[in-house]
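As structure tokens, one chain now follows by itself in the form predicted alone.
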Amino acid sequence: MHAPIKPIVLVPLAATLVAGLAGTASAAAPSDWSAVPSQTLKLHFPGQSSYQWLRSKEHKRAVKKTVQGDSCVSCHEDEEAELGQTMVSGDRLEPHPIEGKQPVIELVVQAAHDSDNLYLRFQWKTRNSFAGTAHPHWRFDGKDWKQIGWPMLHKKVWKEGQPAIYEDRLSMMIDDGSVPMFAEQGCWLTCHDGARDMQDVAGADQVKAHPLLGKTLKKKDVRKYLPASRTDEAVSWDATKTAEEIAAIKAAGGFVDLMHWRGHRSNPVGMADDGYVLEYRLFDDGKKMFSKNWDKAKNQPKYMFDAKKVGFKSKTMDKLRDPAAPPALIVEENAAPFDPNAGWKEGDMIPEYYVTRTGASGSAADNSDATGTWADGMWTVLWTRKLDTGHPQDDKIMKVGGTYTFGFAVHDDNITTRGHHVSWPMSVGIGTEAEITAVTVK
């Protein structure tokens, strides 16, 4: 079992807002997690192993089984470390190896439930000796505010030597059996050539010109999607079905939930975002807890830190990861309207995003009780998820006695997109036996 660890990264609003806005959810969570069984999952680095690659001749000796719908573990059970090492080394499917990248991350999962909620506890060790609560910032260059900080896989980092700054994340995908082959192949159904950081990346102009992705959804890149949303055998990014056809698939439940706990953009307000994957990776209806901290009309940030409350109006690079200072701009707690005449100096930095708990609403705000602490090199995340969120149009509605397929991922060490570590799809039983069994809380 895992003994409690002393937190050194706190959630500023958790004590005052979580109980009030999340209802009584946290009151029924296990008071002693040491009494709840734990399971250690091995999450491995997948490189550029896409849906298309798995169905190509390059996926030697397994392509036929993959096409037939066999599970990933039917060929690769207990091979996570070997696969991860092959990828991080650059020997296969990794054009930009990251020095020191871990082949595998061990994720400890515990699960419990009552009649209303699923309670999850996660623990994993970080590669870095600090919590990944920083995210890209705006930096004043003496004249203008420009972005600084990018994920490890961005060419500005591996090619130009710019600083790697990105938040740690934990994510979950959930299906209830409505998505063909998700139980067998999990997140590999959602990852495709043409997407960001994958093979044959689609150009921004191509995406913006696409009738659905660009003209309707207003996107400029390709992200996760499901095969059912495409028309051709290759499941090409641009071969989308019509909006009406996709809406019918969604109404029938043919999507997967996708939720992220984020070290910078959700944890400071005790939440996790709520989205889904079908024709694209989209957020649920309503308003999420984070937004871009940028005023397009004035070409400047919207908010800065409130010096009266925190003692400074901005940060500098040497203070970016100071655990004694708030990592994020929180509208309700430490933010003030941006003042262009506040005596800005070259090197001053303001977070690129701001977060708000009270501004989050609708289905996008369902994950209102997800808090993380970091201590001694380890994140511990406690996550409450309502079994029935009341939003079946966006969420997988769960029930006691049901079994569901989950896929877990961890983004560690200033990374995004495919730079994460992923699990095989896992069955989770709500009070019923499965690969991960959520025990009943009394």
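Fair warning: this is a prediction, and the values are worked out from it, not measured in the lab. Don't overthink the numbering: it's just position in the shown sequence, from 1.
Here the subject shifts to the form predicted together with heme C (HEC), a form of this protein not shown in this document.
**Q** Only one of 71 to 79, 121 to 129, 206 to 214, 278 to 286 gets a heavy atom within 4.5 Å of heme C (HEC) in the predicted bound form; which is it?
**A** Of the options, only 71 to 79 has residues within 4.5 Å of the partner.
**Q** Would residue 83 sit within 4.5 Å of heme C (HEC) in the predicted bound form, counting heavy atoms only?
**A** Yes.
**Q** Using a 4.5 angstroms cut-off on non-hydrogen atoms, would residue 66 count as touching heme C (HEC) in the predicted bound form?
**A** Residue 66 belongs to the contact set for heme C (HEC).
**Q** Can residue 53 be called a contact residue for heme C (HEC) in the predicted bound form at 4.5 Å between heavy atoms?
**A** Looking in the predicted bound form, residue contacts with heme C (HEC) include residue 53, since a heavy atom lies within 4.5 Å.
**Q** Although heme C (HEC) is absent from this view, report whether residue 397 comes within 4.5 Å of it in the predicted bound form, heavy atoms only.
**A** Close contact is absent here: in the predicted bound form, residue 397 is far from heme C (HEC), nothing within 4.5 Å, heavy atoms only.
**Q** Out of 240, 314, 185, 363, which one falls within 4.5 Å of heme C (HEC) in the predicted bound form, going by heavy atoms?
**A** Going through each option in turn, the one that passes is 185.
**Q** May I ask you to choose, among 319, 309, 220, 92, the residue with a heavy atom within 4.5 Å of heme C (HEC) in the predicted bound form?
**A** None of the others qualify; the residue that does is 92.
**Q** Under the 4.5 Å heavy atom criterion, name the residues of 406 to 426 that approach heme C (HEC) in the predicted bound form, in sequence order.
**A** The one in contact is 424.
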